[in-house]
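You are given structure tokens for the same protein chain in two forms, set apart as structure 1 and structure 2.
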Structure 1
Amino acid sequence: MKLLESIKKDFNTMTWVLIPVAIAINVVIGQIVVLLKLPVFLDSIGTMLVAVVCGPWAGALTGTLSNIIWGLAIDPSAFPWFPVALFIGFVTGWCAQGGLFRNTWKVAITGFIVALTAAAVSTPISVYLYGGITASGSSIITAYLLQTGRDLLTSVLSTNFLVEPVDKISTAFLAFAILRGLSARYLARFPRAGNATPEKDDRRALFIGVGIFVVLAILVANLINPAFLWIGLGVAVVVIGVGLLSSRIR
């Protein structure tokens, strides 16, 4: 009964209104990233938004439907990744219920936890369905690692554990900034609005979180190509700007 009540609590009218919007955000941004062959994904922003203010079950449903719809309507290669999207939504919602989406430092922790989950779930799919080389720009890293003599499983795992934290921490920061820009009255309409209630941000915590992102971005950039280092630093600057802006919004 408790499980059913927990699932039911995630879904009210506002949840059903937000889910299609979140799916659209995921698919549009995700498809742009695929077309540009960027070494990140950024296809879970909508999923995280729903997971935080509606709950883990609503987040899991949003992630699952996003990849299914994306795969059936636009890019068939997106379909097999729906288990990853499901876990991203569920784990984000679980972290948010634990109070890990209320300031920048905690958001970075959430992003890292989600990244580890996504890396663990996505690795078997990448290895057994695609032989380690997918449509994602991150496959450049996998190919490079394979050329250095590493075996397939190690190469894919290494790629995922490098790329996923950069992607999921960035995604979590973007979702956090969006939520901080919404009014408290609007957020109150969602079933888990308390998950997004902000704490007073510590500027030191902000830069610790961004520092983690910068270090990971530099590691990934250097593995791909030194030229990408500047792209990684540029993205980091954007994240810092978003973080500073979100920390000023009360």
Structure 2
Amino acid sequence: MKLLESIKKDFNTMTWVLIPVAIAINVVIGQIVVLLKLPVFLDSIGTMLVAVVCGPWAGALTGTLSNIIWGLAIDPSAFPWFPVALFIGFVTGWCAQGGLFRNTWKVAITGFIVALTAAAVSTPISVYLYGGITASGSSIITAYLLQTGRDLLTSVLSTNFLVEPVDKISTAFLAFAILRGLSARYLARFPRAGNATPEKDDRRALFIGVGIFVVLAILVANLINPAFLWIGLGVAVVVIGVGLLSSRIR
């Protein structure tokens, strides 16, 4: 029953009222980003907000419902992608539970972990449902990779690993900035407000920043040689591991 307790803890009336607002934030910012023609989605800022202050289950529900609403109100082709949004919410909440949403470098790591999850979850959907090439612009990269002789699965996976980190790390930073702008007294009404308690940045920020940059560079190099995909993921694991271990030791 521990699981049920943990699920219940995420939801109070503030959560139920925050979720619709968070979904509306997802949609409206998503649309503003399209208007500004920025090369990112930024359509899960609200999901991340809920995940941090209410918890992983509330985050997962927000992500799922966000996709359902997008489908109900704007474009039904959003429906099949709901597992991606679900995992974005869940993993963000899970990271925040572990204290990974308290300062800049930790938020960067959260964004990165979320990106890897989103990439992994969206790959089977785009391969099995859409045959690998979806309506998104990044499909051009997939198409290119296919022409270099790579198989469908690794082409799609490589594309996603390339596209997701930039988007999810920016999203995490924006969510973090919003949380910083809200008063502690206001946040205290949410079930897991403690996850957003700010912490000071330290030298690790630079290390993690450089680490993530290196991983991104390797993932770009992956376009030339598929071996880099696995090297990149290996380095990512090392960077995240070292970051977490060093904070454990302190």
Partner chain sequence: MRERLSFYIQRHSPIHRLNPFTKLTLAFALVLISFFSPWYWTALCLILLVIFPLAIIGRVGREFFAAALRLLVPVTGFIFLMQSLFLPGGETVLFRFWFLRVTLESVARAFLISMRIFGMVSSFILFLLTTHPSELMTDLTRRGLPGTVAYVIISTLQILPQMQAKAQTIIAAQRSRGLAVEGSFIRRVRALVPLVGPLVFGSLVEVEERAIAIEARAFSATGPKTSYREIDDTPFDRTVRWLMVALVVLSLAARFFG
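Quick note, the numbers are simply positions in structure 1, starting from 1. In this text, rigid core is short for the largest set of C-alphas that superpose within 1.5 Å between two forms. These numbers come from a predicted model, not from an experiment.
Matching the description of the form predicted together with the partner chain is structure 2; structure 1 comes from elsewhere. Residue 193: CA moves less than 2 Å between the two structures after rigid-core fitting. Fitting the two forms on the rigid core leaves the C-alpha of residue 55 displaced by under 2 angstroms between the two structures. The Cα shift for residue 34 between the two structures, taken after rigid core superposition, is 2 angstroms or larger. Taking the core as reference, the C-alpha deviation of residue 154 between the two structures is 2.5 Å.
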